[in-house]
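What follows are structure tokens for two forms of the same protein chain, given separately as structure 1 and structure 2.
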Structure 1
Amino acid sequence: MNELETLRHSCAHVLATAILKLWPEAQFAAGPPIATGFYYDVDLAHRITPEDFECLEKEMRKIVEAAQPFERQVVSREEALAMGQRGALASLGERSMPSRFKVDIIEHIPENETITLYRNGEFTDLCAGPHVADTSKIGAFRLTHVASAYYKGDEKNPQLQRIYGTAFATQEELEAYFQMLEEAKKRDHRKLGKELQLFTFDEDVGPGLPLWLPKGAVLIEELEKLAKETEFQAGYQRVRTPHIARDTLYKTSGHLPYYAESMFPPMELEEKEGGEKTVYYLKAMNCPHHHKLFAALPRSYRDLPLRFAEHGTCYRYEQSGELMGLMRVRCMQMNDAHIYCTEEQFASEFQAVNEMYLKYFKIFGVERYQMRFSTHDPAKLGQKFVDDPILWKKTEDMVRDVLVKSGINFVEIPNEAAFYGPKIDVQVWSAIGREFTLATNQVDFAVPPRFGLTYTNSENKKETPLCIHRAPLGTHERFIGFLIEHFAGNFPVWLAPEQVRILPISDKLTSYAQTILSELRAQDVRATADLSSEKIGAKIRAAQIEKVPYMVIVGNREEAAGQLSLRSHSKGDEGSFTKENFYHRLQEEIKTRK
């Protein structure tokens, strides 16, 4: 754990202590730190609500002010079980009822694992730690909400109350966090997506299947245009693959049967005589199709690196409770590509992908990011990971070497690799500091051999290429969700669904407004004209609410001089411009993606 996680975990113990002060019969399960704070699961007849938070926080403050030390104790399995049976775990002393969840946890701890307890004041808990030195070191905290959760996530087990909270080292950090949450509510992509008419969901279409309105489709087209330009310059070749495939494809890749729960149910068709059925699946990933494209022609070392790119549509049956706006969907358009290369080419290819990420970060104003380098667990070879320790070490060393030499900000996370090789997950933070998992860059040494992929080397011998899976812009859905919140809907001109709105101050100026409109659209500018009978102030307010980057206001004086009055969403009135000067400025901003 890092320092903040340790602080939050310690605060969870203080929360449990406070709950027991008010309700001594409470039974506790797990209480870990999480990305946004901490929680503790409790079984209690009293239904805890936000109305109870004031009393709970008051008790917690007493415990913090008492500076109770966190004392660690190593015990045997027998001692721990005996304490649990006496009700002395996750309690303020012995009780007439066993600490049943703690007993269950102890019984499932591996035989060779050390069992430790932590005590603060009267409260003793089964816990691996670590903790702060004493409760006064916890800093600032606040309880946030209550939810329900099944014990161990299994609906067959008891349903518990999950009490959430968060904690920071200082009051200032705590207040800044909640200010960020308030700003995040205003920027929520679901709220702004509806207000700006970008996308919608419909029950007749199905949950998790977004429908893109015209303005949202513009965002998709601009992102694809950016990707195609960038990838063309980097030597990628575009391909297209179907949305379905036979089950044999996914059995060869290894996705079936292991990934079946995340795929839509199979479709069975009678395609052969005798009633024998062929099974098809909706495409859940693009890589098997791309492997087939590699295998479609004889390949030489002179063909490598070979880079196939596709904005491929994939379908994944996410659980309904996990769907969340554009961030978690069942239909996704992925900025996918697969690079087939030799071991000697790997470092430069992998680094080129990382540099592509950095280029995109600069374009979108992403200043804070981190690469999470996920490696395998040797103990899980042949289970969670392909059983090839030599290639695991070789490819992990290769990735690590590229990251270190490039100076890219990264952290190493064990046991989180893909089943076929090490990977990088790209974490970014939006303008208000909200974290997103945006994209991935993965090494695949296991699947190409399954498809029999080979190339002829310089000695006229067959070799299997390495494969790099990469998606710098992730999926349209998640990336656009991120951009909506990052920009608060105020998209830069090149990306904005509507770039210019022309506002004549009276009906008499309709002809001049339409002339400007025609000239802008002839230059491929997404311009519209508000020819309604509303007064100019109302027209400006409407354009401002709809976050149009530029408003061109035309009156009698502008028409007579062949000019226009410019107002921008971000700066307000900018004064008079000749049409030519404004058009040049606009084209420059669009061309350079300013």
Structure 2
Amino acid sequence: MNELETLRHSCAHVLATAILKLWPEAQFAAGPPIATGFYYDVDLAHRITPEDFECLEKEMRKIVEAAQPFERQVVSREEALAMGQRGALASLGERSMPSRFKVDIIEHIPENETITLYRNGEFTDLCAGPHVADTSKIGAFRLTHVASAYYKGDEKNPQLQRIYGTAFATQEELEAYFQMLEEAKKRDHRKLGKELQLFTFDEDVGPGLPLWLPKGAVLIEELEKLAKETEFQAGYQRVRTPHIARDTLYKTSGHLPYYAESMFPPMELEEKEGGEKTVYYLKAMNCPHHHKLFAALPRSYRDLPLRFAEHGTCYRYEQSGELMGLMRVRCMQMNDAHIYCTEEQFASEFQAVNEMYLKYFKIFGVERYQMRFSTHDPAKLGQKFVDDPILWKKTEDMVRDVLVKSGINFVEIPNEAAFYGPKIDVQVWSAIGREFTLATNQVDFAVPPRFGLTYTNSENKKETPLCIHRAPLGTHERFIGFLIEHFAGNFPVWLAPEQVRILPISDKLTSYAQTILSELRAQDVRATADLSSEKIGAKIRAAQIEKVPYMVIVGNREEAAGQLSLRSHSKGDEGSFTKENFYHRLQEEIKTRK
């Protein structure tokens, strides 16, 4: 635990102390520090609401001012349990009810571990520590929100109230944090998406099913253009597959019934005699379709690696409570591709995929990223993971090797792999430091054999290929959600839905404005002209608010000289340009995706 985490964890104890002052019967579970502060889970008949915060914070402040020292005490398991039974853990003294969550926690502490208690004032808690020296060291804190959480995160356990707060060493840092949150709110893709008319949702269409307005559709098309160029250069071939498939496909892939609850319910057609039904599913992933394309023709080792790419549309029945703007949807279009290769080709193919990720990060100005390399747990072979220890080891070693050699920033997480092979999730941080899980990259050695995929090797023997699933741009939905927040809606010119707006100073300039408009459109520039009778200041204001990267202002002077006056969204007035110079600059910026 670092210094800040220690401080925040101590603050959680102070929160618990304050809650007990008001509701002595409260039962506490866990109260750890988290990335944004801390929380404490509490079971309490009274529903704590934000209206209670003022009162709680007042109590907390008293405790902080009292500078109560945190005292550590080592106790035996028996002693700890006995105290828990007397209700003396996470409490201000003995109570008639046992401290039941704490007792449960003690029972799950491994035999060889020391059990410690921490006391501040009258409050004693079961806690591994560490803590700050005394409560006055906590600095600045604030309670932020309440939510519910299952005990130990398990749906079968009781739901507790989770009180969230945050704490910093100084008041200034606390205020800076809330200012950052305000900034984040302004950039929220749901808010900007509405304001910039990028996408919408409609009750009659359904939750989690975004409708893309023309401006949002431009973003999608530009991303696809980028992906198509990049993938073409990297030797991918484009394929297209239907949005539905029969249940037999998913039986072969192993997704049914394993994945069934994440899929939309099946469509059952009463077609055959004897009442046997033909069943179709909306596809939740593209891999099985692509595997069928691999199987469609006899394949030789000379054909490998074979790289099938498609912006495949997938449907997943996400739980209603999980849906969140564009970040979590039920209909998504993936920047998907499957690479079929031999074991010998694996390392270089995997390396090339990683390089593609890095190329994209550079284009979008993603400076902070991390790859989470998820591996299997040997104890769960045959249950959570396909039972093939040799291939697990082999593929994991290959992936780790590539990651280490290419100097990519990664962490290894055991027990998180996909059931068919190790996977890599890509976390990126937006310009204001918000974290997103954007893309995935998985090795699959289990499903190709299920589909009986083979190629003929140089010795005329059948062999099963390895498959790499990769989606560097994730899904359109989530990636665009990320880009909106990353750029705060100020998209670079190549991506901007409206690239140039022409603003004539008066009606007399309409025809010159239209000349420029048609010249720009002839060069595939997404331009419009504001021919309203507003004054120039109002037109500029509108264009600024709509975040149009370039404004072209034309008056009598410009018309006479065949020039234009340029104003950029970010830099303001840039002065006079000849039309040709401006067009050249624009084309250059669009082409290089600057």
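Here, residue number means position along structure 1's sequence, counting from 1. Note that the rigid core is defined as the largest set of C-alphas that superpose within 1.5 Å between two forms. The shown structure was predicted, so the numbers you read here are calculated from the model rather than taken from an experiment.
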Item to check | Of structures 1 and 2, the form predicted in complex with the RNA | outcome: 2
Checklist entry - Can we say the CA of I413 moves by at least 2 Å between the two structures when the core is superposed? => result no
Checklist entry - After the core is matched up, is the C-alpha of R501 off by 2 Å or more between the two structures? => result no
Checklist outcome for this item: Domain rotation angle of the smaller rigid part between the two structures, rounded to whole degrees, is 20
Checklist entry - By how many angstrom is the CA atom of K102 displaced between the two structures after fitting on the core? => result 4.1
Checklist entry - Core overlaid, I19 C-alpha shift between the two structures, how many Å? => result 2.8
